[in-house]
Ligand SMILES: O=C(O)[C@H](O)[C@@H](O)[C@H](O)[C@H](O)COP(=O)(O)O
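One chain follows as structure tokens, the form predicted on its own.
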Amino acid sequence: MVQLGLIGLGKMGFNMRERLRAAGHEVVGYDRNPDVTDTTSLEDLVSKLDAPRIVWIMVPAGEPTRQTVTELSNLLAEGDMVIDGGNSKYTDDKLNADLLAAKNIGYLDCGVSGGVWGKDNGYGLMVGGAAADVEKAMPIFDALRPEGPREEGFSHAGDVGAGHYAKMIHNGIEYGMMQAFAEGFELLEAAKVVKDVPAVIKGWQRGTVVRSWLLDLLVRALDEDPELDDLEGYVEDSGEGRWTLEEAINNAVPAPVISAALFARFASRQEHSAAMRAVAALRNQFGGHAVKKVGG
């Protein structure tokens, strides 16, 4: 049995606490929501943990994570360890690790995939940091990852930052895969050759080369709403897709699929595109092509 402090009990953190407890570990959680927290503050959380302590952070990336790491650096002691399991940008990890290392506190970054289904199915884990620190936290990783061979649900990706880098690329791939399924769905709907689109997509779940968990989730969504009429075609992006493209540019790696998927999300948020208005105006100017006037 391992004792763990867990900061951030939202959709992911709450389920991770439940999975760890089901595996026999002691988890002391902190969240600003009084309905789910086990403690009243970070200081209270640290006081309830036995040294050497391990504290896992699951809060939004950026300033919330940096503030949490800074506060923990003043509460934890030599030999303790912090794991950032959120979606932090990998360049933040060295800053966090250096801050903690000044007080001999260890640091690991861990990309976590699995979403709201991870509580039952397990989480895919990508970890960056020193091998000795990874080994100390392995009972936690083993409890969180899916059942089966460790190497199929867990990887020690490299030094500090490598875990979040691997998760960033993972999410970029996810963008492309989702966009491909979405475009296939729209084409099936538009052509009208196929009479039962949900049945076709459901039939891809076994034996085909495109079978996957994302496909299973699309089937689930179509079971609930066969034409997805209850949803607006408005899609946010959480940052990892943009960071992936930044890395593609920095490394001169062509990434047309991921870039198109990200730009499709941008397009989904435009009620009226200034670019398309400009194209319409240009076609009208050089060729007299018909345009559709606002309100016409």
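Sequential numbering from 1, following the sequence displayed. This structure is a prediction, so every number in the text was calculated from the model and none was measured.
Absent from the display: the form predicted in complex with this ligand. The rest refers to it.
Q: In the predicted complex, which of the listed residues (238, 70, 41, 268) lies with a heavy atom within 4.5 Å of this ligand?
A: Looking at the other structure, the residue within range turns out to be 238.
Q: May I ask you to choose, among 104, 74, 205, 113, the residue with a heavy atom within 4.5 Å of this ligand in the predicted complex?
A: Among 104, 74, 205, 113, a heavy atom within 4.5 Å of this ligand in the predicted complex occurs only for 113.
Q: Does residue 145 reach this ligand in the predicted complex if we count a contact as any heavy atom within 4.5 Å?
A: Output for residue 145 is no: heavy atoms all beyond 4.5 Å of this ligand.
Q: Taking 4.5 angstroms as the cut-off for heavy atoms, does residue 165 touch this ligand in the predicted complex?
A: Taking the distances in the predicted complex, the answer for residue 165 is no, it never comes within 4.5 Å of this ligand.
Q: Looking at the partner-bound form in the predicted complex, is residue 171 within 4.5 Å of this ligand by any heavy atom?
A: Because a heavy atom of residue 171 falls inside 4.5 Å of this ligand in the predicted complex, the answer is yes.
Q: Mark residue 179 yes when one of its heavy atoms lies within 4.5 Å of a heavy atom of this ligand in the predicted complex, and no otherwise.
A: Taking the distances in the predicted complex, the answer for residue 179 is no, it never comes within 4.5 Å of this ligand.
Q: Choose one stretch from 91-99, 155-163, 171-179, 135-143: the one whose residues place a heavy atom within 4.5 angstroms of this ligand in the predicted complex.
A: Partner-contacting stretch among the options: 171-179.
Q: Note that this ligand is not shown here; using its position in the predicted complex, name the residues of 76-103 with a heavy atom within 4.5 Å of it, in sequence order.
A: If the 4.5 Å heavy-atom criterion is applied to this ligand in the predicted complex, 76-103 yields only 87.
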